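In structure tokens, the next block holds one chain alone, the form predicted alone.
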Amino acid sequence: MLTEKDQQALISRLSQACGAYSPQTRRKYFISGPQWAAAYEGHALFHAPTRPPVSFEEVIRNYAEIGIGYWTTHDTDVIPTEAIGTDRQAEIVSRIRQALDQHGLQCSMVTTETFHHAVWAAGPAAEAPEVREYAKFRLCNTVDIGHELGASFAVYWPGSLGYQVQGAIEETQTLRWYAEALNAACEHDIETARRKGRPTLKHCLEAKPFEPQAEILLPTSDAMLAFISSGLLTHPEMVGLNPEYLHELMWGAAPRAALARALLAGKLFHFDINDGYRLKHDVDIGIGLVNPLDWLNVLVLLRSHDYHGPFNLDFKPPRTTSAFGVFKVSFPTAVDRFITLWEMAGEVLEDPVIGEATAALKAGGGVTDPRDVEAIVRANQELLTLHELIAHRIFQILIGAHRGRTFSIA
């Protein structure tokens, strides 16, 4: 029978056998670790906790040891709701700054919790004006926290912006009220940034198709883009997207296509990375453990468009993982899978086979008469086979076959 110490030694030995990037290498990438992800205790609607609570000091220290150079948080991950905006908040924020400085981390993003507390039962844009005023206060307070911690991004997930029963709210009015809260945050940000001599934050909306309301008013990144360009925002240039990979996948969409539309709109500010399954709930599995080929293609897109924003590790270590394993297995391996896939994406972009095939497709069959439809079909029908060949080549890069890796059956 293995003792707890023996089990931890086994985990450490097998982890080392898998190989890993050094903390120095990991810090070269804009990878951020959320407080909520590391502090997740394994609980959910039907789940009891399986891990003990951890403090932000412990999370920051472990991220530093792993080589995660950036830390992110919800306001109430670290500040009790009743302490928001008080001297107690200032004392906690000061302790966070000390912990970040001590371990050489930066705070890259802060986000507002507008979905858990009972005050959000009808959402941050409820009919009651006092709820909406409180929502404005919370968003503006998050701006203050962001500037105090040196963050560059603020994220808002309006998961409770919706309804349980039809006819209970008037959707257009609710969206106007929500825009008022974002407008207040942006105005406060402009004044705060001017006073502190800092750039304004990038304000990022995060979409999710399901939960906690039965129907969500802004369920997808495309809905968010429409909202930003609706004319309701006084500073739409300050507001962009924080898509989450799984949130786009959940409703059956293609995350890569959603990211492409955000890139075209110039609104891909921030990106939450994880994995999961289509048409399922928000399981938040670590990147690459379910859809590694899709993830490789996502990163090819982002590399080809020179995306240099954050990659935020918004996943939940499984309930079966121990508190020890969270920092010894879950986060190091998630970072390493991302780095491997990111570097593979670079290989895809430089691969001569893919390059030649893509160039041939773009050149076309050479028909000079653009109205001769039959000639166009004949001239391109063989070239179109290259679509499948390109996909095969990307698969080869994923498994290392392009470097000579082969498998045989004895």
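Residue positions are given as counts along the sequence shown, with the first one as 1. These figures come from a predicted structure and were not determined experimentally.
There is also a form predicted in complex with D-glucose; it is not shown, and the following applies to it.
Residues placing heavy atoms within 4.5 Å of D-glucose in the model of the complex fall in a single listed stretch, namely 201 to 209, out of 318 to 326, 201 to 209, 89 to 97, 118 to 126. Although the partner is absent here, residue 244 lies within 4.5 Å of D-glucose in the model of the complex, judged by heavy atoms. Among heavy atoms of residue 111, some come within 4.5 Å of D-glucose in the model of the complex. Put simply, residue 74 is close to D-glucose in the model of the complex: some heavy atom of it is within 4.5 Å. In the model of the complex, no heavy atom of residue 29 sits within 4.5 Å of D-glucose. The contact with D-glucose in the model of the complex, taken as any heavy atom within 4.5 Å, belongs to 314 out of 248, 336, 275, 314. Note on contacts: among 185, 155, 135, 224, the single residue with a heavy atom within 4.5 Å of D-glucose in the model of the complex is 155. Although D-glucose is not shown here, in the model of the complex the stretch 274 to 305 places heavy atoms of just one residue, 282, within 4.5 Å of it.
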